[in-house]
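Before any questions on how it binds or moves, here is one chain, the form predicted on its own, in structure tokens.
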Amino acid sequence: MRIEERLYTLRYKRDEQPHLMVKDQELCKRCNEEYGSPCIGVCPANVYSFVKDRLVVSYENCVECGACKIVCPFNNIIWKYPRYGLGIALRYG
């Protein structure tokens, strides 16, 4: 099964407050130059992208795996679970 097909089996209840945030955009620029932005490469849901030298976070697509926080060399990502049980839900259990 392809990753896109697996992601389709997930349901997401969007929280109005983002559960992912970047602490400092300047560190993201530095990371992109030195390491090639590992958060973009590791995220299976394409939550992160660079637009005009700025890291954009599409938190509503997050599958809550936490890989981005682990690979960030500057510990520059604020990651927490969505509030009130919102966020990702597995369709088959």
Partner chain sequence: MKFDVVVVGAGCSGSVAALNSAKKGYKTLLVERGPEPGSKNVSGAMIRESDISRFVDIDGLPFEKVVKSVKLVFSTKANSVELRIRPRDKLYTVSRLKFDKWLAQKAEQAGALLVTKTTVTGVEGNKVITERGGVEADYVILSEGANALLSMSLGMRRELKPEEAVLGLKEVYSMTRDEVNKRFGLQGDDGEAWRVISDNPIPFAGFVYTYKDSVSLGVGVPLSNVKGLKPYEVLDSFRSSLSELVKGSSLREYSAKVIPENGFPSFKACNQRVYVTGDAIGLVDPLTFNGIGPAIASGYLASENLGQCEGYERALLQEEEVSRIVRSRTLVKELLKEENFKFYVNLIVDLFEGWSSGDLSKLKYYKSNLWAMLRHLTLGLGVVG
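Residue numbers count along the first chain shown, from 1. The structure displayed is predicted, hence computed values, not measured ones.
As for the form predicted in complex with its partner chain, it is not shown, yet the points below apply to it.
Non-hydrogen atom contact Leu55 with its partner chain in the model of the complex at 4.5 angstroms: Leu55 lies outside the contact set for its partner chain.
Touches its partner chain in the model of the complex: Val71 (any heavy atom, 4.5 Å): Yes, Val71 is a contact residue.
Proximity of Val22 to its partner chain in the model of the complex, heavy atoms at 4.5 Å: Although its partner chain is absent here, Val22 would stay clear of it in the model of the complex, with no heavy atoms inside 4.5 Å.
Partner contact for Cys43 in the model of the complex: its partner chain, 4.5 angstroms, heavy atom: Yes, contact at 4.5 Å.
In the model of the complex: members of 77-91 within 4.5 Å of its partner chain, any heavy atom: Those in contact are Trp79, Lys80, Tyr81, Pro82, Arg83, Tyr84, Gly85, Leu86, Gly87, Ile88, Ala89, Leu90, Arg91.
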